[in-house]
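In the block that follows, a single chain appears as structure tokens, in the form predicted alone.
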């Protein structure tokens, strides 16, 4: 599909990017890798007047150790990030999620910031303008009801990011910057649980850094897809183990990842968290596999991840 017309601006600093955003009354979008943004614009799901390119901003592509944390710039590509020795040695869950994201060609283009902040997806939403017009606009497109769940006033679109759930399990934080200053939040606080507007980021805010406590962990990432590569997760499970405790995150089955903690790892606690996640999972018919199958695969993937970790991990 052909892109619509828009103005293109390349920012050299964060301050310049914020100024450009405010100058255009918020009718602008930030561009990093573009692997999520550009397809949405082609489908006319987003119709910005201005695109503000952040790729030329110094510091947004750095990765460095500061005190006891690894500070990751949001513009570093997924491929570059997984080459960093700290990622594989300290955070195997994150490393596996990076490996599982799409294909290497897109990993070399897509950024970690863009992957975290990707829009939610739905079979009734990610279609051409002509298809959506014929079908009738859903809640996420400004319609009155959900087109998947009849008469529902809630949006059931799915957040399908691989890497945010893994980052959540290793206590990552996000530093955001706006014209009013900076703020740092736990990564899970970026999610609103509303598929129509899935993030709590304020208009114009820029993701400046991802901060990860530099502590060695064990972990695994499991992903349900139809194809072995390229696909978004129809269910994704991230598990990180620290000493005798564990954190589990489930993605792909609603507008936000679900997060669970295990204080003491044993067969009983693993079964309990698997059952808990199964009960929480309420997928609907907005993906290529049936809701019941996706729901049943949640505990399967959780137990599979723990089994691999117990056996030494590794994909």
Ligand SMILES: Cc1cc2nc3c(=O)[nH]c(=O)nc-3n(C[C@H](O)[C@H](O)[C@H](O)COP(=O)(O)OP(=O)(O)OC[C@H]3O[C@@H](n4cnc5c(N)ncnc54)[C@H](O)[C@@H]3O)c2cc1C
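Bear in mind the structure is a predicted one, so any value in this text is a computation, not a measurement. Positions refer to the first chain, counted from 1.
One more form of this protein, predicted together with this ligand, exists but is not displayed; see below.
Checking 269, 256, 69, 35 for any heavy atom within 4.5 Å of this ligand in the predicted bound form turns up a single hit: 35. Residue contact with this ligand in the predicted bound form: residue 212 places no heavy atom within 4.5 Å of it.
Contact check for residue 129: no non-hydrogen atom falls within 4.5 Å of this ligand in the predicted bound form. In the predicted bound form, at least one heavy atom of residue 230 sits within 4.5 Å of this ligand.
This ligand is not shown here, but in the predicted bound form it comes within 4.5 Å of a heavy atom of residue 74. Site residues 114, 161 and 223 are all in contact with this ligand in the predicted bound form, judged by any heavy atom within 4.5 Å.
Only one segment in the set 236-244, 166-174, 82-90, 103-111 has residues whose heavy atoms sit within 4.5 Å of this ligand in the predicted bound form; it is 103-111. Scanning 196-219 for heavy atoms within 4.5 Å of this ligand in the predicted bound form gives 201, 205, 206, 207 in sequence order.
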